[in-house]
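Take a look at the structure tokens below, where one protein chain is shown in two forms, each on its own, as structure 1 and structure 2.
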Structure 1
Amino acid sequence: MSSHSTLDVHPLYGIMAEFATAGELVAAARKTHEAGFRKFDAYTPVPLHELDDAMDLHDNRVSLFTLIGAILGGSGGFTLASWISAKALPLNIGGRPLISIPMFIPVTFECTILIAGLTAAISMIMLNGLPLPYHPVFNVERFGAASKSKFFLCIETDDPKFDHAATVKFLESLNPEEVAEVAR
């Protein structure tokens, strides 16, 4: 029986290329996706909305969870207000109905917004895998420039198309400033 850990099987997290400009990174990300790589990420000092299209990142799960949260929040707020008005504390004042839809609109609206906002924040945090106090890309010496002026693209070893030599050759064909291995 072998006692190999995941570290023994894949000592690398991936291969990282460094680029000088945002345009070079977006072009590299587009070529990487076109080459068939799917498990790769880009790191930039500024938000680049073009990367979403270049990397084909169109995940609508946060939107879906937010919609579900809004529906549950609105229906929960209306149900709570109706229950209080009709069952828990019924007050018949001037012959008005116990359940009056216009009276519950503010409560329904506020509960919709509250639960949708909380659901959006919590689902975004969880789907992004946060909190993440350590990431293997921090092992690359030059990666500190990712928060100042440099742009990085990392292809992970978990990608089905990953082959060490072929991936290094592919990244070098994108004309980066440097290609480095990312240790776990």
Structure 2
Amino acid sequence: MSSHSTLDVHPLYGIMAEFATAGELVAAARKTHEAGFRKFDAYTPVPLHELDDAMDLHDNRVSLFTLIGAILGGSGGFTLASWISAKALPLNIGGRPLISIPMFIPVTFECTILIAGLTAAISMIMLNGLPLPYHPVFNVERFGAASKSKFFLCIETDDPKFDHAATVKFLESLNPEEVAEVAR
């Protein structure tokens, strides 16, 4: 409550804590989540599956979109093949049937993979909100290490539970190497 004044003077994105090890980060993230914070994020140079549990991250939409892409690609490929062979350009080749299902399987299969693969990659990037040219976390000077060797946790001001002084205190209680304010 008292921090609101600080916000006005100094537009703040959040408070960031830096940790030395993966274990500390996971523990910190779990505590933060348990403390009721929701608008916060952990930054780590390697994917940590433990964080998914600790932060309650269970977004399965990438799989869902990929499945939809696979179904659309497969049915599209099969339809394309049979439409071309039977309707658009029916060619009689040695009396073989126009609709020859075994012969359509390769194209169907490739279309399934193509569309599913593209959906998987594109939906991952889109759901992650990328490409994003600017993000406040990079304002923290040491944040560059997040892609190499250090672990970070940032609680954002948007969180309803955010309170400047209290949040700083809370983060300091997690035994970080450093706590920093993140300019917006």
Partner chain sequence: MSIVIGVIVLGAAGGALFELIADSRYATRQGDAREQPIPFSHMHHVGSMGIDCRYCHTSVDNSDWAVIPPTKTCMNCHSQIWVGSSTLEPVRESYRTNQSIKWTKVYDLPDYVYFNHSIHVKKGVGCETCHGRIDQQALTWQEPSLQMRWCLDCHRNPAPNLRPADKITTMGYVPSEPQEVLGARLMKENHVQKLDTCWTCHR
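What you are looking at is a predicted structure, and each value in this text was computed from that prediction instead of being measured. Between two forms, the rigid core is the largest collection of C-alphas that superpose within 1.5 Å. Residues are numbered by position in structure 1's sequence, first residue being 1.
### Message
Of these two forms of the chain, identify the one that is the form predicted together with its partner chain.
### Response
Number 2 is right.
### Message
Rigid core superposed, CA of H58 - does it shift 2 Å or more between structures 1 and 2?
### Response
H58 C-alpha, core-superposed: shift of less than 2 Å.
### Query
Can a Cα shift of no less than 2 Å be assigned to K87 between structures 1 and 2, given superposition on the rigid core?
False for K87: its C-alpha shift is below 2 Å.
### Query
Can we say the CA of P97 moves by at least 2 Å between structures 1 and 2 when the core is superposed?
P97: C-alpha displaced by 2 Å or more between structures 1 and 2.
### Task
Provide the displacement, in Å, of the CA of S149 between structures 1 and 2, taking the core as the superposition reference.
Its C-alpha shift, to one decimal, is 2.5 Å.
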